[in-house]
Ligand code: HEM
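Encoded as structure tokens, the following chain is the form predicted alone, with no partner shown.
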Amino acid sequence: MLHERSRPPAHAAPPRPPAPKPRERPLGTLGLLRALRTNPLLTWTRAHYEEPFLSGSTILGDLCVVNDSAAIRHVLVDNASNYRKDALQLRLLGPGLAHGLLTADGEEWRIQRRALAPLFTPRTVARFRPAMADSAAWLVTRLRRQREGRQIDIAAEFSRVTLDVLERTIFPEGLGRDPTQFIEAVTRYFDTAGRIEPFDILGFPDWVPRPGRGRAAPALAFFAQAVEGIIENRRKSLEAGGKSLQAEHSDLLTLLMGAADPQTGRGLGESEIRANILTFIGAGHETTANALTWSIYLLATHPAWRRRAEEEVDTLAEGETAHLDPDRLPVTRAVIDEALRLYPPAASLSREAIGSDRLAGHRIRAGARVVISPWLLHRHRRLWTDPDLFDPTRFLPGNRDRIDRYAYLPFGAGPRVCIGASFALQEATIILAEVLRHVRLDAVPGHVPEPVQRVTLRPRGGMPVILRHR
């Protein structure tokens, strides 16, 4: 449904946030292969932003792109058992995240999901607010020590602070490596593993070398060594301290290592623990850092909204964010939600139909690939008013309840909704509030960031901003 037209602040003439221009016609085979490898966002046509359902035969096989909210609910919730993660998606994520919650399927996934669910209850997530506030204060101190007017890459700064959050909440004994090494490894992994190679599309076996994919090998080796060290150090600590020490540890790593399926009592195996740690390190900190990066850019290019957000966070007492319910910052939270609408962390979700089905009145054949793209969905002309404009009013109290649940999917939906969504939103709200209270980050004149899809959605080459002290 169309949402009520929102009114931006007075005297604002907001620019359109950067996005690739929709194509008038579909790409040919070679153009499609090239675009999928460089930036899949370049493949979408105008019809994808306007029609509820498009299907056809492509080099990827039978492909259906769904923008109908009822059909999306059918795929992700009502008939989710008929739609599994497709082979291409698993091939891209498998080398680093195999056996983890992100890639597991069937009964293996259900066991992991039940075992990990207690780690992300509202009470458990709220317990991490002080640690998140400490990380935010660390970032603010780092920024305020730098020269006024200096140009910095805020994407890199947010990568550092979200990794710091993970150290305080998951790995309080440390990562055992230089955080810069982790950031570089995560960037290298997503940039290489996230490229869709022609051999992947053509279904070549995994043992056939992919051009460029070898560049991810050093990152994977780094992660393997680091994760092994993290697990071994924690096991030694728990064994040395006995049950009393284990009771004192409330970080996510200890909870992960002790997690068990409440129905079967089965704990996670070594490979599952390793894969989920890597998921938390990689996808966890990367997606939150990107959400913060886009939020800052959008505020820098929309001064009226930045003033509203600053006025809100300026009412906080020093240190209040350590125990603050993020819902008490509706404007700050709305800014993040709108940034996630325009630049969703996972720009595309895909499923393979196990059996035949019907979606939006169309027959779906077994084996067809069904694509649900939050990038398209969040900018769809039939679902949003002025979808290409930045307008946090959409998510302020009284408005957000009118948004169709299946028209807004920054963290997915249904049984496979992102388990860490509440953790990420709490973290992003606390960090953004502290940054807005103490510094002002202006856009670099003439710089227009390019969103690029590499597993996650990031600005190509980082996000330069000009630092001002408040």
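Residue numbers run from 1 along the displayed sequence. Fair warning: this is a prediction, and the values are worked out from it, not measured in the lab.
Not pictured, yet referred to below: the form predicted in complex with the ligand.
- Residues with any non-hydrogen atom within 4.5 angstroms of the ligand in the model of the complex fall in just one of 381-389, 108-116, 302-310, 318-326: 108-116.
- Residue T287 is the only one of S159, S135, T287, T293 with a heavy atom lying within 4.5 Å of the ligand in the model of the complex.
- Contact with the ligand in the model of the complex, defined as a heavy atom within 4.5 Å, holds for exactly one of L166, L268, A71, I364, namely L166.
- Under a 4.5 angstroms non-hydrogen atom cutoff, the ligand in the model of the complex lacks P40 among its neighbouring residues.
- Residue contact with the ligand in the model of the complex: R416 places a heavy atom within 4.5 Å of it.
- F411 belongs to the set of residues with a heavy atom inside 4.5 Å of the ligand in the model of the complex.
- Proximity of A424 to the ligand in the model of the complex falls within the 4.5 Å heavy atom cutoff.
- Along 323-358, residues L340, P345, A346, L349, R351 each place a heavy atom within 4.5 Å of the ligand in the model of the complex.
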